[in-house]
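Here we start with a single chain on its own, the form predicted on its own, put down as structure tokens.
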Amino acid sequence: MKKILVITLVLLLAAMTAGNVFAQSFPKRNITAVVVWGAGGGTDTCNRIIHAEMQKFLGVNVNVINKTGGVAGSVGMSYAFSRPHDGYTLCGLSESNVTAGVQGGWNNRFDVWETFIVGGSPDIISVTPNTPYKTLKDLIEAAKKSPGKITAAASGAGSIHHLNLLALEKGSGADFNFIPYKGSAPSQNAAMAGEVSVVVTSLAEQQQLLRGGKLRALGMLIPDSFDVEGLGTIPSSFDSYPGLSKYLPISQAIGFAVPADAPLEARAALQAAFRKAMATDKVKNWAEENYYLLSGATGAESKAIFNALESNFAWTLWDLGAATVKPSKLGIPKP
């Protein structure tokens, strides 16, 4: 009887040990996150914050590197996707990467990735302080009276900021003279230098310029107003123009991805660590201090968000003549 009991205990311990090994089979070594944009930018910072928290729950380091270049981050995406699809190489990306295919730098639809969305900073429309526009209504009515006369910058053609500007025009009836720049910083610099009167970028990017009096905020391009330290409450553009709800909001989606065909256990472990990391005070405080709206979307929810962004961005670029590959050739449906 004692021998049977001993054997039973041995078998039970072996089963428990085997179960623990299986449960902890991923990760067994450090993970690399390849950020497709430059160090210090929004996507880079966001990835470093979330991965620093995730590694506490994964039990291994998540090392963040940057591989920039190509069109719409195609160099970094291609590199990350070329690595073994085992969950040990992640790709730090944002909503802007969905245009890589139609710009000729990527041969796949974006759904080859399983995405994890940390969040993003909402877009805001601002003007240079020397303009006569004190409210959004002042600006919109002036743009209606003089179509195409008021210059506006919103990063490059087809960027999220440009799409927000187009949506504002459609929802309000305004007509601006869009001047494309190579990024948010150059477009904001152009506004401060008086090259353009209006600029649309994110609140996170504009906050210091607004506090320093370099720009004047007129409205958030989301349904809610936003309280900003030192500036008070910035009203929602929807308050003056309810018709914007047909076209807005179009929000940033910054985070990371793993190939969709990576092992299920790897994706499950990453998802569990991601959810725990998103709930930490470190991530919540960082988001609050930098005016980011946290998402936490992954799985089917995240896929739906990126599918909509891909469709909207890709076809907008095509209609603007800024795409080299027709979206339908990649199987991207019209929005």
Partner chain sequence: MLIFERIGSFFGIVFGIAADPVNLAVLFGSVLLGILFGAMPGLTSTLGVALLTALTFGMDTALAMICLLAIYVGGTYGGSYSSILINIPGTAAAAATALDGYPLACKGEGGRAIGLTTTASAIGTVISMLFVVSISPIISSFALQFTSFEFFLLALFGILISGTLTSPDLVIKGWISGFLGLFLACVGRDLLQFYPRFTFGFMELESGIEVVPVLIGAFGIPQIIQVLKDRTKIAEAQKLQRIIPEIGTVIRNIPAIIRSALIGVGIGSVPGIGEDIAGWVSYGTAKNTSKHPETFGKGELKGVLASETANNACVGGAMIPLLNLGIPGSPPAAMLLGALMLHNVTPGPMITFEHPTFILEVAAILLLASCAMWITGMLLAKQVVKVLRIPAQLFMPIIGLLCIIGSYSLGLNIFNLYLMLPVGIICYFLIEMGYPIAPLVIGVILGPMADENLRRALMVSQGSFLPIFQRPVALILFIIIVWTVISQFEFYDRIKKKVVLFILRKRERSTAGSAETNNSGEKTTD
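Here the structure is a predicted model, which means the values were calculated and not measured. Numbering follows the first chain given and starts at 1.
What follows is about the form predicted in complex with its partner chain, which we do not show.
Val75 is the sole member of Leu244, Val75, Ala262, Ile250 with a non-hydrogen atom within 4.5 Å of its partner chain in the model of the complex.
Note on contacts: among Ile222, Leu209, Ala167, Ala217, the single residue with a heavy atom within 4.5 Å of its partner chain in the model of the complex is Leu209.
Of the candidate stretches 131-139, 99-107, 116-124, 251-259, only 99-107 contains residues with a heavy atom within 4.5 Å of its partner chain in the model of the complex. For the candidate spot formed by Ser146, Asp239 and Pro335, no residue has a non-hydrogen atom within 4.5 angstroms of its partner chain in the model of the complex.
In the model of the complex, Arg275 stays away from its partner chain, with no heavy atom inside 4.5 Å.
For Gln271, no non-hydrogen atom is located within 4.5 Å of its partner chain in the model of the complex, even though that partner is not displayed. With a 4.5 Å cutoff on heavy atoms, Ile49 counts as touching its partner chain in the model of the complex. In the model of the complex, its partner chain lies within 4.5 Å of some heavy atom of Lys67. Contacts of stretch 178-212 with its partner chain in the model of the complex, defined by any heavy atom lying within 4.5 Å, are made by Phe178, Ile179, Pro180, Tyr181, Lys182, Asn189, Met192, Ala193, Glu195, Gln207, Gln208, Leu209, Arg211, Gly212, listed in sequence order.
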